[in-house]
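Below, in structure tokens: the form predicted alone, a single chain.
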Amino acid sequence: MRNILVTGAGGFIAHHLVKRLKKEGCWVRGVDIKYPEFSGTLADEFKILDLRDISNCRAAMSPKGHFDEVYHLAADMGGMGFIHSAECEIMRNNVFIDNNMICAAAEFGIKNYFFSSSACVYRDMSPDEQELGEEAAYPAMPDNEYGWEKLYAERMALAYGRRYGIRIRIARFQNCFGPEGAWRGGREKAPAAMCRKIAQTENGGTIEIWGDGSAIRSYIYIEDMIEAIRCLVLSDLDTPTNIGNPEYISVNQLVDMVSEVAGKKVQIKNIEGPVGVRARNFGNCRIYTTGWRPKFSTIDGLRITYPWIEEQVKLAKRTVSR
């Protein structure tokens, strides 16, 4: 039995990762500043710890020599609105979290360390550009401060790996979605936001979206993300690796997909708001060398995600009406 530490285990991706590791027969300690919101944790042990304090990072890894692997997914992050409105908090909190965790990992002799980075490390692109490989993160020009911090944290992890003999694996995540993720409050990603808006709107109604709807993104379903993380950790890939779905769609197309799944027709009202980059278009060839391929198209994932968010909307409405 492997002993595993998962940070950010109260959040969306890490919560699903804990489920997967438990199915593999691992003993798992989850750490976060909050418990999972939508279902109880499956971790064998769950610690509420603020990882901005290095003493809490040490407490997370204690006792020394206990953990075979650390999956570090804890981060202060959210959707585009949050990323643009909380720049200072994102930079400060994540620098502390990421630096403290890799420092503590070195102190505690951790030999296998996974770090979740982001596609935000890449520059703005135009929709017709060719795919970028991982090396194209340099010369660096991320679109937002979240991306700048992630790029710095990648280098920190790799530097500590070289000095202390830690086997580092780094994944640059594309937008991930699925059940039991944030769906309101400003930290939700675009698929969850669109599902919520359409679930709250009558057939033939109108929803608001930021910008003109032409921005292009890729969205990866949670089961594909978790499988890719495991393939990366078990591989020999020792440089940052993209994880995403090669299906690129505009925000307007995303609205159409969610509307189709919901069985509704909606009108779009374009309003001003943070849009982010015009396009993301990077290659997944490196992770493909592990044998991994995404199994879910965007609409496949929405067919599972939309009913879950629709139910959350109904539950919230019933709670308010009481």
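Bear in mind the structure is a predicted one, so any value in this text is a computation, not a measurement. Heads up: residue numbers just count along the shown sequence, starting at 1.
Just so you know, the form predicted in complex with ligand NAD exists too; it's not on screen, but the next bit is about it.
Interface residue among 64, 34, 269, 295, judged by heavy atoms within 4.5 Å of ligand NAD in the predicted complex: 34. This chain appears without its partner; in the predicted complex, the one residue of 102, 153, 198, 74 with a heavy atom within 4.5 Å of ligand NAD is 74. Interface membership of residue 189, defined by any non-hydrogen atom within 4.5 Å of ligand NAD in the predicted complex, is confirmed. In the predicted complex, none of the heavy atoms of residue 226 sits within 4.5 Å of a heavy atom of ligand NAD. Contact check for residue 13: a heavy atom falls within 4.5 Å of ligand NAD in the predicted complex. Ligand NAD is not drawn, but in the predicted complex it has a heavy atom within 4.5 Å of residue 52. The stretch from 202-210, 174-182, 155-163, 132-140 that comes within 4.5 Å of ligand NAD in the predicted complex, counting heavy atoms only, is 174-182.
Shown here without its partner, the chain carries 8, 97 and 146, all of which come within 4.5 Å of ligand NAD in the predicted complex through at least one heavy atom. Residues from 94-131 that approach ligand NAD in the predicted complex with a non-hydrogen atom closer than or equal to 4.5 Å are 97, 116, 117, 118, in the order they occur in the chain.
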